[in-house]
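What follows is a single chain, given as structure tokens, in the form predicted alone.
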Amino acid sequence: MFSKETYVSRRAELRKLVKSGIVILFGNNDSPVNYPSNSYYPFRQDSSFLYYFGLNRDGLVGVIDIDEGTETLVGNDIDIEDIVWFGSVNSVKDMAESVGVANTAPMKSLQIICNNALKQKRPIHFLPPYRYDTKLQIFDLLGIHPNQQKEAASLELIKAVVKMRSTKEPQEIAEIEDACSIGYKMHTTAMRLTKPGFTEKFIGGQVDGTAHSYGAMVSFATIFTQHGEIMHGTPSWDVLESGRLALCDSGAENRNNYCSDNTRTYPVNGKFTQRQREIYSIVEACHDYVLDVAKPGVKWYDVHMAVCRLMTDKLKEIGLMKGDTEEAVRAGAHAMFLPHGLGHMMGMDVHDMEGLGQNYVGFDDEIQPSTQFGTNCLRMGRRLEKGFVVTDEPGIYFIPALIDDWKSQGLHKDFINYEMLETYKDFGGIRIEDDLLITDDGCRFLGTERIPYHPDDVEEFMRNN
């Protein structure tokens, strides 16, 4: 993927940060769909293994012995029967040399390496596993029950990986830009095809197919729905209807495993109603406001709350909210309309490094996650740094069950106009999302082509395409 020197340098930095012991980075194995030889395609390598070893083959483990100053790629060579079916591949030794690793060993040697370290009472560092085959392997190697492995994972290694992967190198930013260019094609394909009479399934399938046709995969399961109030509304067999809004949240993962993540919401018939445009314009203003306030040194939590205040002000202007803005936001009344966070970190994982623990990736000693409804779904609150990539994704949603629940409790009745809100139960939801790079003194959206999102531009694109 990148140069040999990239991986040599990354592993050297990792050794400095972890300081002592043995680091074991598990690559992924093929994952069966419904029987052993029918696996999910394409194969997806573990992101941290990719970051430090850059090898996209199943059945590999990277071992870094910090004290001895050695590195070993552990894995078995492909045998002749596999070559007959899948063709020749590089040997483990050749793969190791390509990323600057001097030593190789068959998989059975990993047990010996671990046994020796355990006898010597040396620290063995591993990241929290998320696949059950890896959990079983760790159980066999180290005797740690799968239920205890998350807690037993190395905090030193987690913090080192988060520190390194959070700040994107220029070559990584270029890869994300490439993923964004594919994301542009995915979203504009959906916008061109969205018309009354097609099913959500059909449009969602075309979005996924666009990603695959450019040598990519989707970075997460595509969301395409007329029920935009459902956060993760997967495409159904429902037929698109004139007068309703369609929400498309999708992203590409390019061939080097870097991601994009965008959301667009637009009228099925290509023309916003006045009420739709009114709500849409509030989300648009919140989305664009982030460009003014996000910069190095600013806490992402503060950016989120600034957007919540702006949204509350504008909802007050049209009568859906009332009362003092600061009090309303402090009480969490705005979460009726925005029950999620403003955005998350992104890179090789669309929710970058989330498997390592939200408290370490998006938060730190200065700020920890909120327990308040809505704000508790903010996946990141820490101070921004140059090179961070985060998503900017405000939304306004009208969720009938939430409206009924809060109204029955009289919750936030001093800030929410429930009588008017009742008339929006059939509205759906609107979200606008783009990927943001934190720069020297501000931020910018990633991607050389902007997926239309200003309401006039959306209508013009759908009219002319």
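Keep in mind that this is a model prediction, so the values were computed, not measured. Position 1 is the first residue in the sequence shown; the rest follow in order. In this text, the rigid core denotes the largest set of C-alpha atoms whose superposition between the two forms falls within 1.5 Å.
Keep in mind that the form predicted in complex with another copy of the chain is missing from the display, and what follows is about it.
Visitor: Only one of R264, R382, H340, H304 comes within 4.5 Å of another copy of the chain in the model of the complex by heavy atoms, so just point that one out.
Guide: None of the others qualify; the residue that does is H340.
Visitor: So which of T104, T375, S219, T194 reaches within 4.5 angstroms of another copy of the chain in the model of the complex, heavy atom to heavy atom?
Guide: Exactly one listed residue reaches within 4.5 Å, namely S219.
Visitor: Hey, in the model of the complex, is G205 touching another copy of the chain, heavy atoms inside 4.5 Å?
Guide: Residue-level check for G205: yes, a contact with another copy of the chain.
Visitor: Contact with another copy of the chain in the model of the complex for E422, defined as at least one heavy atom pair within 4.5 Å: yes or no?
Guide: No, E422 sits far enough from another copy of the chain in the model of the complex that none of its heavy atoms falls within 4.5 Å.
Visitor: Although the partner isn't part of this model, could you tell me whether S31 comes within 4.5 Å of another copy of the chain in the model of the complex, counting any heavy atom of the residue?
Guide: Close contact exists here: in the model of the complex, S31 approaches another copy of the chain to within 4.5 Å, heavy atoms only.
Visitor: Is L136 close enough to another copy of the chain in the model of the complex to count, meaning some heavy atom within 4.5 Å?
Guide: Flag for L136 set to yes.
Visitor: When another copy of the chain is placed as it is in the model of the complex, which of 383-391, 69-77, 167-175, 196-204 ends up with heavy atoms within 4.5 Å of it?
Guide: In short, 196-204.
Visitor: So which residues in 37-63, when you check another copy of the chain in the model of the complex, have a heavy atom no farther than 4.5 Å from it?
Guide: Heavy-atom contacts within 4.5 Å come from S37, N38, S39, Y40, Y41, P42, F43, R44, S47.
Visitor: Does the distance between the two CA positions of P400 reach 2 Å or more between the shown form and the other one, the core being superposed?
Guide: No, because once the rigid core is superposed, the C-alpha of P400 moves less than 2 Å between the shown form and the other one.
Visitor: With both forms fitted on the core, give yes or no for whether the Cα of P42 moves by 2 angstroms or more between the shown form and the other one.
Guide: The answer is yes; the displacement is at least 2 Å.
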